[in-house]
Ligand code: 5GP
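For reference, the chain that follows is the form predicted alone, supplied as C-alpha cells.
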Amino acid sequence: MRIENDPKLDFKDVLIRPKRSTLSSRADVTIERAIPFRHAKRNWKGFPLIAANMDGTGTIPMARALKRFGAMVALRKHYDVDELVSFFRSDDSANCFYTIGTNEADQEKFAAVKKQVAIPMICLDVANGYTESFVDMVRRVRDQNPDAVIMAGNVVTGDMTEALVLGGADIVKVGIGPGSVCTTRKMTGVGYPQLSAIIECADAAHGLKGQVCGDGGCTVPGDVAKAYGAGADFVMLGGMLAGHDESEGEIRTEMRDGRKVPVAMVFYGMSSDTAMKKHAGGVAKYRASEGKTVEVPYRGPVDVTMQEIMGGVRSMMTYIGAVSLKEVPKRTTFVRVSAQLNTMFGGG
C-alpha cells in the first residue's frame, strides 16, 4: 500500500485565469480543429465533441443532429445489423464511431456489419482498460482495421495511455467514475479526479502523437472548456446531451392546462440495473451494478444545448486570447479554488 500526496484535481477545483488579449469578439475564434491520427494516417476536422455511447445519447438521431455542428457520436452498441449497415452507408455516419466491447456477440455483429459496409471509426469501450486482454484486443483490432480511427478506453493514468497508443489506439478515452450516472467510485473505491487524469494522460499521449478524449464529469459548458484547457483533444458527454428529442428515451409527461406536456426523460448508466436488464437479462451473479437510473429534465431539440456549449467554449477562448481551439492548452492557467485544497495548503 502507498499514498500519493500530490493533489489531484477535478473540474470543480479550478477556474481558468483570464489573460490580456487582442480578441474583441467570440466571432474572432474558431472551435474547429484539424486533428491528425497516429495510426489511421489521416486527419479529421470538426468540433471535437462526442456524444457518449450510451442508450440516451449515442443514437442515430443524435448523430444526424450533431453532424450539423461538426461534432461526433459514439453509437450505442445495441442497434441491429441491418440498422447499422443502413446508417453507415449514409452520409450521416461521417462523424460516427462504431462501438464494440470485448464479448463475442459484439465481435460477431461487428464482423457482420463490416462485410457489408466500411467502418472508418471504431470505439473499443470497456469500463476497465487496465487488463492485458484489453491491450491485446486493441492490437488485434488495429491489425484487422489498419486504416480505421480507433478510440479505446477507459483509463486514467499515463502509463496505460502510452500502452494503448503503442498498441494501436489513435485516441485514448480517459475517465473512471466521473459520469453523472456512474457509481464505480462509490461501489469500488476506484477512480481518479478527472481534470488531473486528462492532464496526465494528454501529456503521455501527445508525446507519442496520440490523442485523448475526456470522458465524463462535465456538467456545464465551463467544464467542457476546462477539459480542452487541460489538454483533451476530444470531450465526450453523456448527461449534458441526455433528455433531448434525439435521445430516443422514455419520456414522462404531466397534464398541464388539459394537455400532456413532456417534463422528464429516463437516463441511465450502461452498467446500471436498467441497462443490464434491458440488454443482458439482468445483473450477472459475479458482479454488481455500477450505474444508476435517473430522470433528467426534458430539453427539446439538442440544438439549443449545443449552441450553449459551443458559445461557452468560444467565450472562454476570448478570455484567454486563444484564436484556435488547438491553442487553448498553451494559453490556459488554472487557479485552484477548492476550499478543501486551500485548507490543505494553508489557505484561509
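Given the structure is predicted, the values throughout are model-derived calculations rather than measurements. Note that residue numbering begins at 1 and tracks the sequence as displayed.
Separately, the form predicted together with the ligand exists; it is not shown, and the next lines address it.
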Exercise for review: Report whether all of 154, 237 and 270 sit within 4.5 Å of the ligand in the predicted bound form, measuring from non-hydrogen atoms.
Suggested key: yes
Practice item. Classify residue 48 as contacting or not contacting the ligand in the predicted bound form by the rule of any non-hydrogen atom within 4.5 angstroms, answering yes or no. Key: no
Check your understanding: Heavy atoms within 4.5 Å of the ligand in the predicted bound form: does residue 182 have any?
Key -> yes
Exercise for review: Decide whether residue 54 counts as a contact residue for the ligand in the predicted bound form under a heavy atom distance cut-off of 4.5 Å.
Suggested key: yes
Review point. Though only this chain appears here, would residue 226 touch the ligand in the predicted bound form if you measure heavy atom gaps against 4.5 Å?
Key: no
Exercise for review: Taking 4.5 Å between heavy atoms as the contact cutoff, choose which of 178, 243, 129, 231 touches the ligand in the predicted bound form.
Suggested key: 178
Exercise for review: Name the single residue among 168, 216, 249, 210 that comes within 4.5 Å of the ligand in the predicted bound form, judging by heavy atoms.
Suggested key: 216
Practice item. Given that the partner is absent here, state which listed stretch (83-91, 156-164, 97-105, 216-224) has heavy atoms within 4.5 Å of the ligand in the predicted bound form. Key: 216-224
Check your understanding: Taking heavy atoms and a 4.5 Å limit, what residues of 291-305 are near the ligand in the predicted bound form?
Key -> 291
